[in-house]
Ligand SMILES: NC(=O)c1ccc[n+]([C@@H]2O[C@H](COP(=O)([O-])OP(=O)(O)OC[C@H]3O[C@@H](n4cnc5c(N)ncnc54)[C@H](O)[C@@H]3O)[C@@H](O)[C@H]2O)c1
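Here's a solo chain for you in structure tokens, the form predicted on its own.
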């Protein structure tokens, strides 16, 4: 059976999650990696026994990949994705799909018009606790979510931002703690609630960081069409990365969820608990603990869809839901005048 030809664009920290996952799949062959930093891309290419490029368009022409993974600064995601679509290439993009909602919509529509797949990474949906909570909401045992909240308290020092040439900027990252860290918990909550947001209120501030102007603290409230109310708080001025916590009040019980554990207390007095089971596809050669281990599961699902064996689960169309919320958070707060991206 002919192997699917894959390439990775962007050789930063997150790329190892994609490179190792691709290499672990028998039906996929890594044919190239690309980065504008020549020394970096050559080192990665040598490590993975593949070809190195500094121009992704050249890589498209020479290697003719069936699919590409985008591990780029946020502002480049949709532009490069659209170039890939026009070349007939399927795309799996790291989150967020864009820093602008209108560009994200245009990319989704282009992919659909050209008949290529557009996936967006939200690996936390594949955590065992997340999947159990979603199942219990869907099968009716918990019932619909009535209200909820999420709390994120992490540490991102000035050194974290100074070590990057794009992090902590409005024009390249698109924001701070919301678009980079809290996006996963907000996506999970929105996935659980499964309704259309009708009102988003937010307050964003830079409380402590000196070398960047994006927000390091945020809080807000999201109101949904089905009556659900969801509040959120996120900040990266903490001294450690505390586990993210999501709490839900549902028709038939309550949920306390982190990425590692879920505890469901049903109204009838029964309790259901589950801890996260790491995926068994690959052992990563690097990466950060807060990314979890489920990239490989979503990447495998993407290639099942590329092979035509099952529908794509987290498509660009699906990812537009959280993209709209993220952009509404930035457009409905007191930093809007300083922000010209997420519209």
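Positions refer to the first chain, counted from 1. Everything numeric in this text was worked out from a predicted model, so none of it was measured.
This next part talks about the form predicted in complex with this ligand, which is not shown.
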Students should find that, of 234, 107, 248, 121, the residue having a non-hydrogen atom no more than 4.5 angstroms from this ligand in the predicted bound form is 121
In the predicted bound form, the residue from 11, 325, 319, 22 with a non-hydrogen atom within 4.5 Å of this ligand is 11
Using a 4.5 Å heavy atom cut-off, which stretch among 166-174, 136-144, 223-231, 264-272 contacts this ligand in the predicted bound form?
166-174
Is residue 36 close enough to this ligand in the predicted bound form to count, meaning some heavy atom within 4.5 Å?
yes
Answer for residue 197 alone: is it within 4.5 Å of this ligand in the predicted bound form, judged on heavy atom distances?
no
Contact of residue 29 with this ligand in the predicted bound form (heavy atom, 4.5 Å)
no
Might residue 73 be said to contact this ligand in the predicted bound form, defining contact as any heavy atom within 4.5 Å?
yes
For this chain shown on its own, do 148, 192 and 256 all sit within 4.5 Å of this ligand in the predicted bound form, going by heavy atoms?
no
Select from 180-216 the residues with a non-hydrogen atom within 4.5 Å of this ligand in the predicted bound form and write them out in sequence order.
180, 184
